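Take a look at this single chain, the form predicted on its own, given in structure tokens.
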């Protein structure tokens, strides 16, 4: 079943309690996905630097400091200079100075450790458990930023483990993340087409495919709105998904519209979720003028109005 949520603050040059807002939204739809929870969090860009997150427990040996040492060593070999670092829960969070090929860095680091996300503004936090349990481990409520996505997962086709949780970043592309409710039935066909162009995948999750598909379009100079329009034509199945980039957020729904989505928009923000209760958590006690996007539709929003 799963539940998705997204929020973007618009028209203002400041940051907000994005982490806390997403926790409240996901808590409202946690019944849709009790197995794991995740957040894609966006802060202002770090020019000339990248933020990377890794799962520490994916390395075969070392663990803890040994795993971190291995990651540091490989980053140095690839020309990334460590500037800030911290172990947060089961994650290693590091900021590096880097001016090289992000795609090459991504693929090479994936061979050294399990990468959660890479971006100039994006960080993904995800783990098994509820929104509040993940917050307890990773202090998501302290995050202040401009926009973000959230997801609660009901495992149906893969294990309950952190790597299988959403959001997924577009492996090889900085700052693109996705949350998805549904199933892409032409997944393997689409994946093989991208692999023939030497794109790499780190999971068998169809949500990762959507992320890479959209990021590839963006890399070709295609606007996000046009990429979302193409996705409705190219992807088969039933789906509602949200995508975010460094400065945009967007949605797409298939033409059957079997997967729910509802949205609220005012002059300050846009918020989208699987259920209205998630939107009500942002404005307790208020009557909201919400709407459900029509089947086969898509839209995008940016910081500026």
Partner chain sequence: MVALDLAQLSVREANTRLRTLGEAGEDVEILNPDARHHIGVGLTAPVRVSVRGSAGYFCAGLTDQAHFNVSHNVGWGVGDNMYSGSVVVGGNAGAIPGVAIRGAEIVIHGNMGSRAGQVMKAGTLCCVGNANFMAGYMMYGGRIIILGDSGERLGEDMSAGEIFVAGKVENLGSDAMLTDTDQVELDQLHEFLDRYDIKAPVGFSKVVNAGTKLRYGTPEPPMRSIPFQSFSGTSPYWNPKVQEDIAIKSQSGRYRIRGYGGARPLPHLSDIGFRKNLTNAGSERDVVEQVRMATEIGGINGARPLNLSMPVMIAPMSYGAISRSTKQAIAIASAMSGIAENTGEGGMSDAQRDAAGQLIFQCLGGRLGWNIHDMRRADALEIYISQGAKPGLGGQLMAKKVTPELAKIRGIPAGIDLRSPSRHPDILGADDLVIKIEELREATGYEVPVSVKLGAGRIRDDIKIAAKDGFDFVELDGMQGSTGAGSAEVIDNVGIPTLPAIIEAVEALEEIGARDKVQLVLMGGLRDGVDAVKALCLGADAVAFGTSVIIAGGCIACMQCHVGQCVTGIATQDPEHEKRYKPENESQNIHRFLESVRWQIAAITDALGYDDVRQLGRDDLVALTPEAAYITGLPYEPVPVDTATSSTGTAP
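Model, not experiment: these values are computed from the prediction. Residue numbers count along the first chain shown, from 1.
The next section is about a form of this same protein that is not shown, the form predicted in complex with its partner chain.
Out of the listed residues 160, 78, 194, 88, 160 is the one that sits within 4.5 Å of its partner chain in the predicted bound form by at least one heavy atom.
Comparing 66-74, 268-276, 243-251, 38-46 against its partner chain in the predicted bound form, the single stretch with non-hydrogen atoms within 4.5 angstroms of it is 268-276.
Mapping the unseen interface onto this chain, residue 17 falls outside it, with no heavy atom inside 4.5 Å of its partner chain in the predicted bound form. Of the heavy atoms in residue 32, some are within 4.5 Å of its partner chain in the predicted bound form. At least one heavy atom of residue 1 is located within 4.5 Å of its partner chain in the predicted bound form. Taking non-hydrogen atoms only, residue 284 approaches its partner chain to within 4.5 angstroms in the predicted bound form.
In the predicted bound form, its partner chain lies within 4.5 angstroms of at least one heavy atom of each of the following residues of 232-262: 255, 256, 257, 258, 259, 260, in sequence order.
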